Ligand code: PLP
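The chain below stands alone and is given as C-alpha cells, in the form predicted on its own.
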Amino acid sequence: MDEIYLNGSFLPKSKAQISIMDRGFLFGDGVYELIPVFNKKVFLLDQHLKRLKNSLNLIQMNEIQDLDNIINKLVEKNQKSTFFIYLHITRGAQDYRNHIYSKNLNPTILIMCEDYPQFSQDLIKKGFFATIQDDFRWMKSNIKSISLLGNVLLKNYAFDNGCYETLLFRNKRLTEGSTSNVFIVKNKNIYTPKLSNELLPGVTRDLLIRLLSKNGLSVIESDIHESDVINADEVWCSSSTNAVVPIVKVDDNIINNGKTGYTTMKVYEIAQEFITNF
C-alpha cells in the first residue's frame, strides 16, 4: 500500500513531494475520486472517470489522459486484493500565490491506495445513528472538490456525537450526508433527493437506482424534508466505501423501532451480490 503514482512516477509514499506553491495546497484548487477495488478489479472505473472528467470541466481544467492504465498498473503493484484508489488532481504549482490562475499550469496528479472500513453484515443488521445539521457548504457540491473543510467539520460533528453520519438540509430540503448520499423508505416507496448543484451525483447512488429498477423497485427522486426523514419507515446512506449503511436513529428519533428495515436489508443484499459477481 506504500507505493503511489505522482506526476509520472511510481514511488514510495514517504518519498513523494509537491511544491508549497501547488494550488491544491494553497487554495484547495482541485478535484478527486475514490474508487473501490474488489478482488483486484477496479469497480465501476468508467463511471468514476466520467464523473472526474465532469468535475474537471466544471473547474475549467482539461481531461487527464491514460488514468485508467495508471490505475490498473498501481492495482497490479499492490499486494492486497481489496482496497480503494484515491485519485487527486490539482491545477498545479504556480510561481506566485494568486487567486487568478495561470492558463498553462501542469496539473499535479496523485494516485494512491487506501484502506477504508468495510462494515460487516452483523453491523449492517444492527444499524447506525445519524444527526441533522444545516448544509453550510458551498453551492457547487456536485463538483467532487478537494476543498472538503465543510464536509470534515460535519463528519466530525457526527463522530463527536456518537453517529455515523450528519444528514444535511438546505432551505429545509435534504441534500446529502457529509460523505454519502441518502435514501428513505415511506409506505414501501423509496425516495432520494433529486440531483442538483447542491449534492454529489454519487456513482453508488446511481448504481443502486439501476439495480433496484432491475429488481422491480423504483426510486423516486424528489424533494425530501426533515419531517420526511424523521417519519420515514427506513433510512440508509450510500457511498463508495459502503454501498448501504442503515440509519436506525436520527438525533432523538427512532427509525423502524431501531432496527434495520426489510427494504434496506434487501438493497444491501442486492448490492453485495452485484459487487461479488462484478
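Numbering starts at 1 and follows the sequence shown. These numbers come from a predicted model, not from an experiment.
Heads up, the form predicted in complex with pyridoxal-5'-phosphate (PLP) isn't pictured, but that's what we're talking about next.
- Contact check for F38: every heavy atom lies farther than 4.5 Å from pyridoxal-5'-phosphate (PLP) in the predicted complex.
- Under a 4.5 angstroms non-hydrogen atom cutoff, pyridoxal-5'-phosphate (PLP) in the predicted complex has L200 among its neighbouring residues.
- The closest non-hydrogen atom of K249 lies beyond 4.5 Å of pyridoxal-5'-phosphate (PLP) in the predicted complex.
- In the predicted complex, K144 approaches pyridoxal-5'-phosphate (PLP) with a heavy atom inside 4.5 Å.
- Heavy atoms within 4.5 Å of pyridoxal-5'-phosphate (PLP) in the predicted complex belong, among the stretches 98-106, 111-119, 71-79, 202-210, to residues of 202-210.
- Using a 4.5 Å heavy atom cutoff, Y32, R51 and S180 all lie near pyridoxal-5'-phosphate (PLP) in the predicted complex.
- Of the residues N151, Q94, T192, T131, just one reaches pyridoxal-5'-phosphate (PLP) in the predicted complex with a heavy atom at 4.5 Å or closer; this is N151.
- Residues S238, S239, S240 are the members of 217-251 with a non-hydrogen atom no more than 4.5 angstroms from pyridoxal-5'-phosphate (PLP) in the predicted complex.
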